[in-house]
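One chain follows as structure tokens, the form predicted alone.
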């Protein structure tokens, strides 16, 4: 069992030291993290799609977070299993155990080097991880030899190590490895983030023309719809970042380059000093299933993306704005949409009255009304390249998703809840509808496939936000189902044809089964 213990402690040491070193020098260079990122980049579309909607709310793991936690835990379990197997083999051949540590170190090194945002400083963490793992391996085996080797002439037995001592030293080294990993995670996660800079920026995030207050009937929350504005803590999160990028506002630079007349570069202060706009915009994920919850609404403050592009001067032939996140994720947005005078595309700096939260893109993210997030909503924005779709292919386009993805006309039923039992007679149905940048003009509901009934709509706040609906329906005792459908301001009616999210968003009428009794 000594061999298994030594192998496991050595692997733990490598992972812990690598994570700590990454936290000190470059958070994205942790070998453990880099391997997980590589798994995400190489995963087939069906697996990525499954992960995006996976959630365990009972233990505080919503969609967008649960997949990341499970992936990291899964890699940890795989390392433990490999350590046990290598230790069993190393009991007869020590070189095998050593080779496994070297092999794992090389895998981590390769994952770091092939990261989309690799820099030379990123070599420090994987090299430190490999060397520390090997060092722990040799030191513990030297101690183990003193336990099992008999006395020899010229060597005093008092220098031998007891089995208990070997176990204690291994435990101390393992605990140190865990502590190093936790320390690296805390430093790399930027606990508190750039708190001082965010607090300092808050008073300056005031739009030149603040939006008017919300109308009295902006939602029907009293009968089961969401509040019109989604609190930051409840706003849905979907991204591929296994570790939230922490970017100092002081060091932040955004480039606008490519097919432009003049390249531009902006600091965070440069953006703060530009005219700030405020817009209420509903964001929706293309992975949202029918009646799903990957949709939220917020008030955003930022600078006009159209004005930045006009200032740079878009050259003829360019049709794509290729944006890159600080974690290497890429996104392609149609240039013609961004240049529409009334589109309202922006680089957002604030969300619901405060600087962007870390998980939602601080310091700068994109917000483009009317497009699904995978082609419009880059968080932790680092680079903007004006180019063509032929020259650059973004992350999700490479995985078979659509090149252009306008949000479809959709509705959702929030009340009654699925399989809920309600009193028979008059039943209030309620929900939301959305068709960003077109607006909602009508919602209808029906019971058991009967005639459609017009629903009452909340006051329209903006064509770029969701709109709430409610309907009073009469149902006898028994099992029933409710359906809804929306009509947007162009007259287009939500289709009943059911499709999966891939490649450009799900479609179909939502349906809820319930019991009246």
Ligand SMILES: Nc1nc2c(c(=O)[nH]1)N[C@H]1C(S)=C(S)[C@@H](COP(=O)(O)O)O[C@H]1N2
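Numbering follows the first chain given and starts at 1. Quick caveat: nothing in here was measured; it's all calculated off a predicted structure.
Below, we refer to the form predicted together with the ligand, which is not included among the displayed structures.
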Specify the contacting stretch among 257 to 265, 134 to 142, 77 to 85, 365 to 373, defined as having any heavy atom within 4.5 Å of the ligand in the model of the complex. 365 to 373
Might residue 240 be said to contact the ligand in the model of the complex, defining contact as any heavy atom within 4.5 Å? yes
My question is simply whether residue 297 lines the interface with the ligand in the model of the complex - judged by any non-hydrogen atom within 4.5 Å. no
Indicate whether the ligand has at least one heavy atom within 4.5 Å of a heavy atom of residue 412 in the model of the complex. no
Residue-level question: is residue 220 within 4.5 Å of the ligand in the model of the complex, judged on heavy atoms? no
Under a 4.5 angstroms heavy atom criterion, identify the one residue in 433, 201, 377, 305 near the ligand in the model of the complex. 377
Report the residue, out of 285, 407, 130, 338, that has at least one non-hydrogen atom within 4.5 angstroms of the ligand in the model of the complex. 285
Judged by heavy atom distances of 4.5 Å or less, which residues of 317 to 337 approach the ligand in the model of the complex? 325, 327, 329
